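Form predicted alone, single chain, as structure tokens, below.
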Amino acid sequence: MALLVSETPWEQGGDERRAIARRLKIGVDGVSDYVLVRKSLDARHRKQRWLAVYRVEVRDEAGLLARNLHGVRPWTERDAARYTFDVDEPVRRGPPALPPIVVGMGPAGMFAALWLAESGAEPIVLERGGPVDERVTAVNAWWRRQVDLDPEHNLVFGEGGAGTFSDGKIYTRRRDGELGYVFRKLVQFGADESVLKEAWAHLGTDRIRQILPPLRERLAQLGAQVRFRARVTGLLVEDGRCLGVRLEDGEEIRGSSVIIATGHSARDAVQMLVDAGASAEPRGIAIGARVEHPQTLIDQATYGGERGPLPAASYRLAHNPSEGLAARSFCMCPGGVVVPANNHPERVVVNGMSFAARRAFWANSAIIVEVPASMYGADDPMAGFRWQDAIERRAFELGDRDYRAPAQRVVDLIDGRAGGELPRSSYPLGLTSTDLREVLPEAVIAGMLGALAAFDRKMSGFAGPDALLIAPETRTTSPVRFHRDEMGQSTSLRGLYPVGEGAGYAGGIVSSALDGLRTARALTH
């Protein structure tokens, strides 16, 4: 029998057995065996530290338990499920008469396709963009202004979806059940095993890019067809049932089911589904701007000094006023960069990303304000997209029509000053000094100002002279939600399964992967 021992100090390269013994107040020889199952950064005190959870075997278990030490108890079957990622693997069967079709190769589409392929269904996977290596080359060329923006092949569309150019955060403390499947597969295809143990795991855009080719190769080994530059422009519908898809070149592909996992920026795909009869409604979203600071400022505010061996400091902040709109930080990127995240020409949209090492000079996160669907002024499912689009077009115009992003120091926004000098920034396409009140709606500006003041009280310097706002961040999630039944099927169009962020049921890498996985599991059970 083993023990679960929590709240044990952990340090890189430290003597774990000795740390466990000190925690249990026994000699080192009393610790027979141990396994690290979880570690997280303890932010409850000014001086932060790593704490670990271990599965421990000791020589005198009964005597130790009799002392009733806090955080020490017998290891249970529930612990085994939670920390060892138990999940049923798919039962492999013969392929169906018609293959399932998966549209989109972001996290939702990839994990749906992977489960289907491992079940023997041999899906057809259609992605409008290109493979990840070609995407990286094209994006870097655009950032250097060597090529124009490709509407089909950019930071948003292509293998890995928008998550390929992101921080790669995996914000979930759980690793059991279906989450266990997702995490095990990430490690199988190249993620560091630390993602299985860290409560707030981080992949990094460079690691994500390394995971994708082995995953694609595995799909091919299992009989799946993965087709790039294959944009779906229509659905094949008969008698209220989706029977397949039509590609841009006119090719028609019939399938047993159609999973649509096109992400939150494929506005044409959403319109296609609505036109085909898929029931949907507008959904509230959150928009705002990226705030960028020197990473050392965030480290100082978090750790009270230089971070030393600790990771680049992060934060998660929220402001819920009694009046006005709530706001929060979102997608915080320690040691990261602010990047353009638009797929439509003549628009400006920003996002944040970081590499695995998080060594960039800056830290950034979105400061976003919760906007109800009523602000769109219509019941049309596309109303939120039109609202987003108007903001993005205005930002393009204010940014010299050259993909420069409108930007303003936080102190200038607070004091109502426009056109001030801007600090150096990570944004690769350049900035234009602008009054952000010309970019974002008044209610959003008010929500951001309230949040910035509140966050500055929690983290000294957050709203100080070194803080820069870069706008707009409009695509945190999709402003539409498709109506689905318990299996994930459209309530109005049989055979159609809208999943992931674009369907309004996810908000990040893990939740999108889970939504695609659950739909695929429903189709194979």
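Heads up: residue numbers just count along the shown sequence, starting at 1. The structure displayed is predicted, hence computed values, not measured ones.
Just so you know, the form predicted in complex with a small molecule exists too; it's not on screen, but the next bit is about it.
- Site annotation in the predicted complex: the residue of 139, 236, 269, 413 reaching within 4.5 Å of the small molecule with a heavy atom is 269.
- Exactly one listed residue, out of 382, 230, 224, 431, brings a non-hydrogen atom to within 4.5 Å of the small molecule in the predicted complex: 230.
- None of 458-466, 59-67, 32-40, 496-504 except one has non-hydrogen atoms within 4.5 angstroms of the small molecule in the predicted complex; the exception is 496-504.
- Proximity of residue 243 to the small molecule in the predicted complex: non-hydrogen atoms within 4.5 Å are absent; the residue sits far from the partner.
- The small molecule is not drawn, but in the predicted complex it has a heavy atom within 4.5 Å of residue 127.
- The small molecule in the predicted complex is not approached by residue 336, whose heavy atoms all lie more than 4.5 angstroms from it.
- Residue contact check for residue 162: one or more of its heavy atoms lie within 4.5 Å of the small molecule in the predicted complex.
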